[in-house]
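First come two forms of one protein chain, each written alone as structure tokens, so that there is a structure 1 and a structure 2.
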Structure 1
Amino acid sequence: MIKGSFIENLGRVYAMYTGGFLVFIILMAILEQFGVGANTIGICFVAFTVVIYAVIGWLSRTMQVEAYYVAGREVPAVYNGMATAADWMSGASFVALAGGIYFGGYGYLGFIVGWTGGYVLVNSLMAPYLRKFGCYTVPDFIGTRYGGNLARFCAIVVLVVASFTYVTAQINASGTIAARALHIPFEAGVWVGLLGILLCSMLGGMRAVTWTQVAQYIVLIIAYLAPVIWMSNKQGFGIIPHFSYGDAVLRIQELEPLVSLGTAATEGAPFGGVRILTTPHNDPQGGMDSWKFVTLALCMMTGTASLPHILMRYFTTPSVRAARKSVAFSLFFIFLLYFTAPALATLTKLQLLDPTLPTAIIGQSFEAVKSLAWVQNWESVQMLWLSDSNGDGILQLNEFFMRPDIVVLATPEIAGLPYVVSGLVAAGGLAAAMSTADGLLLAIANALSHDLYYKIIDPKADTRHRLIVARVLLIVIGALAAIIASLQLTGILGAVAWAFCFAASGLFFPLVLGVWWKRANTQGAIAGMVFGFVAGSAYLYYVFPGGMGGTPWFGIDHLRFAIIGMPVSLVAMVVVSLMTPAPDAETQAMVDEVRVPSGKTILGAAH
């Protein structure tokens, strides 16, 4: 079906795919009208989309090194932008972001600025140069630029720690969604999620992941935008809510004192994970608030520019210019979701708070709220809890507990949209979690198979051997991640922020200075990676409540420990580089060559 001319036919193939998906949604809506149950519709959405991804994965199978590691370097910029956006937007972005804004207010918005602004760093400091280099993996760049197996090995360690921290959170998210949609226990859901992820990536490596990620982006963006726009129209917030929800922000600020925002709950919920709303929607205090905001944004930005699963997406474009162009499209596609999330959080909050709206629950009769269908649905799965603790028969703000994750998932029900929309949202969340997990697992397995096995352990291994090793590693690492995910050790958000901080502490300066400072040498890079990574990890251990539980210095808590790791990395790298001999003429010429956008890559094809 797909041969040779596939790249030229991309537009048609994905237009047909999108059309097919829309037809599927309409079909489900019709079935719902005929009385097909909500559970069946949920199962259909999840099963249909996962089967499609698996088919794409199977069609893209390959036994060529170049296709397996970098998708044959023939992915057009716009499609690579979509694939990167899916790779980037994880279960956390899709499910937890709007909930985080709902509960976290101004402070949480640091993630929004950080996770978009980071692409400016990717574009100006990293992507074009790494593409020119022609590497297969990020440690490949470190290993060749600085020379020596030790530097390569340090990069592998940082990559594995950062990506592994991240991937368990994604498998956890895909397991949660699969479990809910298919009505199986969470532990089984995790393995179903992993199976889907491996089907997409195992046979075709980067090529298969690329084309499934494009498909997953289309599903996830439709699933995110459609409910928000639908809800906005239904509730009279405007056709496109994004530019008109300013009034809603002001109205929430008006309502907050009226509903006694900030009053602590008088009793706790009988199960974990749920919380009441205590933080104002838009009330930056300046000073410490501003400091916490910018440090969080900075960590997320430098983390973005150092996370290998993102950087390696730019190795798949045909040219340096296409790599830059695809960074621009990546950010544009990501932006579509990120500027929707605050609108979603604001409108959902307003609907629950504003007594003049029919959807309001705060300040309404306790019994009436308790018998709402969506409240009962989510209460039965322990995502929501309410209790009339002062016994006045009215639901107060501090009597309404909710898990942040359900803001996105429950919004269609709160607004009274048909169930088909909830099924769509579940499919979108699963697409987001699966696509990110795919990219991360591949980043880890490729670094281990290409850099550790082929470059360090057995440089004489033939192609077949290398690709078999890569696939075995993919399965082993996926299984390890699934085992850890099924233990449910960390919350989704915490693990994601850690991954960014690990990557920024260990890899940011060695990568940037590799291009921008010719004098940087092997010893310096090793020192930068080791000291930065160790300092960041040590501080994390010091400050994390589960570790030593120390008092954060200047409000630098466990979400932003790269603020400690990065300066240590920079200083160590510069000092050690200057104390040791400058790199040889050959390396300096190589750096000059990296800065020239045209011409052959530094590393030959199929190196």
Structure 2
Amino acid sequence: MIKGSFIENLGRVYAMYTGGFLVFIILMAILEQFGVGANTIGICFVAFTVVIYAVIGWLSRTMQVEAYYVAGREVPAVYNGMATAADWMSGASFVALAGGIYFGGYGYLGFIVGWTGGYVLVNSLMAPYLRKFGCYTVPDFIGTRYGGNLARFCAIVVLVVASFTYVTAQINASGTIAARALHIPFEAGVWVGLLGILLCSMLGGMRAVTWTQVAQYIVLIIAYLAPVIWMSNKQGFGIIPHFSYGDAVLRIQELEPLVSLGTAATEGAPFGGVRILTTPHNDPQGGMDSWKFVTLALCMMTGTASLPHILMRYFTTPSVRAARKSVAFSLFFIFLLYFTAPALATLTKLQLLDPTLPTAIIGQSFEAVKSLAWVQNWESVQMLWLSDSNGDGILQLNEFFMRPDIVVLATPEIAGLPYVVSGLVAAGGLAAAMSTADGLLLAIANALSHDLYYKIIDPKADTRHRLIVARVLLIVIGALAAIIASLQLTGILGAVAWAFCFAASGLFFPLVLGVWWKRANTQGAIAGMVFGFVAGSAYLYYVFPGGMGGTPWFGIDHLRFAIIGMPVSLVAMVVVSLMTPAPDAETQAMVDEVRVPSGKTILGAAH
């Protein structure tokens, strides 16, 4: 019998949840041994986890403003760290990151360096101070710190564009998983994924999302680590591959010239989204390669420190001290996955290339590879394609087309692991995509309902109307994101990089200088947001192949356009602030007070 409040029993509740999930995995493994089909097991994994999340969302429903927007500000640091990690480790981290390293090699480690390094900026420059401020949303901070509705409105625009771009990537990831697990078209899968996301977030707002995200973190981290450890042990690299997969990298470097890496495909796939492997796994050349690595990492770091759905997680802790501690916990929980992704990409590639392994397919009979169950399964949903373009009956590396986003999901099947592991990975990927999409949709809906509707359009709106508006917006924005995701305009990792660059271009310096430079004023903040966001967006349109397709300046491609937007934002903000009157004494005193770790929050609970 559990006594005391839910918060007092968090450890016991989530220990029971974890135990129950492990029992479910064992049950699925037993059913597989008794001949239950792979499709049934996959559906059971997806259905079981989504139902659990929906139940948590239902139990956390609320009509209280502070519970809906900031989970009542009662989330302990360790659980906020887990929720933040789940919020952070999106479909891009779980589903697409290892695929990016698989196809892009060394250079894609810039994502990992940037995404983890960004938390140093969050901890040192942002999270504790925004928590001390006591705001509900990031535009709430901008609007109150700088004053005036125009500054608040500019922040809303940047937030909506960045978060919407990001959420389309998450719905894309959930659609990919649903399509494979349920054997439905991708375009239908995105709507299944959206339904699960809305079930978790619509009724309980931030409170429901928080407790759902903790549950999702437990599922996703088990799902990510289990196949890598299993595969590493099977290949002879030990049960902790993170320190021993260097030999696998060397083996891939030996094999790459033997399988004619870099040879262009002679025939294109009949559908989009799939590609052949052309980039060496580990071959940094220095010079431009180093520049691209550094600029990518910098964009991801500053984007991390600017993304509203991450910053608003630190508004939920009981105190400033807890906010700072929860950043440390977040970094630890995120590290567990990011430290594993390069090992997963390396071992999976070795499984396909190394002729001494029974799972190798390159250099094998085309018909034999074509008849493999996992190849047929992924071909049936148009995420993989084989072509014997030279007619020699042997599968060459430039005849094997795969969508980068399926590398993690297909790894258990490629490695010949029991299908229960594939079901587990699908559940983990879905948890990652859903947890981030929850946070993003909530960030957009909260900004529009609190900052646009309540603060600008109808300041007299009562609590009931505000929460109804927030929930309607959740549905509308989610539906729009599903429509955009179904068009597959870019890959998951590409869309995520754009979101980070939008946020960094428009919000990074207005947020940082809002805490650390008393002289920053309203006009400067507006100039920084507008000029930085417009400059970055214009450069994206110039350089993206789907836009003008121009030649990148100094190797700054469409994944790094914040390198253009951020300096413009900084210069515009500083110059305009210095050319216009300084903030009044009350505002400057407020900025001084924000940087004091102790004391009451700046804003009242019912602002």
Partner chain sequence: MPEVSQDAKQRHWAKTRNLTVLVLVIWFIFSFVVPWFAKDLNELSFLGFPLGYYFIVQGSLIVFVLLIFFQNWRQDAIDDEAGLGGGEE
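Throughout, rigid core stands for the largest set of C-alpha atoms superposing within 1.5 Å between the two forms. Note that the structure is predicted; figures quoted are calculated from it, not measured. Quick note, the numbers are simply positions in structure 1, starting from 1.
Here the chain appears twice, and structure 1 is the form predicted together with its partner chain.
With the core held fixed between structures 1 and 2, D405 has its Cα displaced by at least 2 Å. Here K370 counts as shifted, since its C-alpha moves by at least 2 Å between structures 1 and 2 after the core is aligned. Annotation for D458: C-alpha shift under 2 angstroms between structures 1 and 2, rigid core superposed.
The two forms, fitted on their core, place the C-alpha of E379 4.0 Å apart, compared between structures 1 and 2.
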